[in-house]
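Shown here is one chain on its own, the form predicted alone, set out as structure tokens.
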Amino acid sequence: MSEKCSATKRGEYWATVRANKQIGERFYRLGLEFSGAGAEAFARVQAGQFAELDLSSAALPSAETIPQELVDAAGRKILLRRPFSFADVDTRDDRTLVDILYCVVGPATLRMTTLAAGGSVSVIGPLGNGFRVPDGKKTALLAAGGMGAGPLQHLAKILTADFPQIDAVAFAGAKTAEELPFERRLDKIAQQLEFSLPEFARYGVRSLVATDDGSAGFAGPVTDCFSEWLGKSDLAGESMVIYSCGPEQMLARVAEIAKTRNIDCQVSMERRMACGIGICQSCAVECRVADSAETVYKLCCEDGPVFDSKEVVF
């Protein structure tokens, strides 16, 4: 993964469902398998890129399993595809396997829970531009808020495999321990060694957890944990790069920290991306024009979702 993302041939492909595992009260990890042209296209996907899934024909789960707050919305027709990034990508012979981390928040993701092994789903992708690795960096800091953990897991894997000279540290936060989108956390000794999350530890990447209510790890916002860690570090700002994905308020704070410490920073923005290919114009992100007081609007799906943090107007 170089400074510029390598080109991928986007298109509509059919994927076979490998697994759809529940890992929390509302969190699932969907495994898909591509073959043929789809396998070739998704084998080269960048961390931070995404795909649009067609969930219009997926069935509803049984009535008793539908969360009460989604009962009224459950029956709505799903007209538009939904965007999802990748938590993992793996190539095996002529197949490409991808994992998608998702949370049940509405009628589409509710139906998504019924996708079963052996079934199939239409996928458009790979879409957008992912994270980039600038030359000369020695440390990568991965800051995730809530569901932003997915693409940063994928990035951790790529950094470990392709950039062994870079030391990576991940920071993952949520409001409570129950809202951390991970299967499990390691024991106290592992946490003291900064290996709190197996999803990052599997790549040899250190990780720290923060919860707003203090129910796990650092007590407070993940940005406070992140800032505190940086305050104790003697690393030079120009040797580091920050990658962040999560709620926009969190991204704004990460961008502010990066600017104060003169650290390169890339943020993955979230917008309603109805088409994913720049036609509907519904995912505008206000961005600064270099060496000017003017701003322009760029499309999250085409120009992003990953942007330089200095470019975004929060």
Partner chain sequence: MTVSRFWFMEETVDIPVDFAGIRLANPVFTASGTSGYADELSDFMDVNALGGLVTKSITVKPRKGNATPRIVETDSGMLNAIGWANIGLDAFVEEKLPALDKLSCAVFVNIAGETIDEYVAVAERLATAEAIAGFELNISCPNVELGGISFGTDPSQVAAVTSAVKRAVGEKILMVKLPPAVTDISVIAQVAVDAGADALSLVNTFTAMVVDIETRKPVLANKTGGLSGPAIKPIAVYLVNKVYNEVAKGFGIPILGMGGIRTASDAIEFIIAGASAVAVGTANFIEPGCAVKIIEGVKEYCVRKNIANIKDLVGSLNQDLTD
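Positions refer to the first chain, counted from 1. Note that the structure is a prediction, hence the values are computed from the model and not measured.
What follows is about the form predicted in complex with its partner chain, which we do not show.
Contact with its partner chain in the predicted complex, judged as any non-hydrogen atom within 4.5 angstroms, is confined among 271-279, 25-33, 256-264, 39-47 to 271-279. In the predicted complex, no heavy atom of A190 sits within 4.5 Å of its partner chain.
When its partner chain is considered in the predicted complex, T295 lines it closely, a heavy atom lying within 4.5 Å. Interface membership of A284, defined by any non-hydrogen atom within 4.5 Å of its partner chain in the predicted complex, is confirmed.
None of the heavy atoms of R92 is located within 4.5 Å of its partner chain in the predicted complex. Checking R132, K137, K157, R82 against its partner chain in the predicted complex, a heavy atom within 4.5 Å turns up for just one residue: R82. Residue in contact with its partner chain in the predicted complex (any heavy atom within 4.5 Å), chosen from K175, R76, R206, R202: R76. Contacts to its partner chain in the predicted complex (heavy atom within 4.5 Å) from stretch 10-36: R10, G11, E12.
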